[in-house]
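Next up: a single chain in structure tokens, the form predicted on its own.
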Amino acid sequence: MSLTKAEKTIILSMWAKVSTQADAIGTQALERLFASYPQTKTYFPHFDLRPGSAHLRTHGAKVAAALGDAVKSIDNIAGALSKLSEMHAYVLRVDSLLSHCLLVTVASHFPADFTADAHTAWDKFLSIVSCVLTEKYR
């Protein structure tokens, strides 16, 4: 799967807005993940998973930073996230459900920008990110 030129343009354009709220969006996406899919809490037994906790804010910022790295290297997402992919394959685990939570969170922050084309572009982009992060599990 790859992004079209138009989809890349949408992601890059929206990221300019998303990046101004990236840490909050990352945190809210994690909160949404744990509320919607409580089974994912098992990946973070050492975290305080209450909404707004320092652990969630810190990890939300990390999620947002990784997403920013993927956007900056939109033509080489696998290369941009290779170290993170290794870490998730051998030390941590990532759940692709977070992609959906990120999608919903971005949409809720930018409803006017989240057109059908933007939805498609973000869905494809986040699917690629998820695939990169989980490809070494296999």
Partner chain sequence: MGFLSAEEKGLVNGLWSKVNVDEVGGEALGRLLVVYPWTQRFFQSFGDLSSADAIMGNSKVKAHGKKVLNSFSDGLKNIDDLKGAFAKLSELHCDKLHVDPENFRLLGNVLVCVLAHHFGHEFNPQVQAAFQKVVAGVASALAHKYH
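Numbering follows the first chain given and starts at 1. Quick caveat: nothing in here was measured; it's all calculated off a predicted structure.
Absent from the display: the form predicted in complex with the partner chain. The rest refers to it.
Stretch 109-117 is the answer when you ask which of 78-86, 60-68, 109-117, 41-49 has residues with heavy atoms within 4.5 Å of the partner chain in the model of the complex. The partner chain in the model of the complex is not approached by I74, whose heavy atoms all lie more than 4.5 angstroms from it. Proximity of D123 to the partner chain in the model of the complex: non-hydrogen atoms within 4.5 Å are present. Put simply, H55 is far from the partner chain in the model of the complex: not one heavy atom of it is within 4.5 Å. Looking at 32-56, the residues that come within 4.5 Å of the partner chain in the model of the complex, counting any heavy atom, are R32, A35, S36, Y37.
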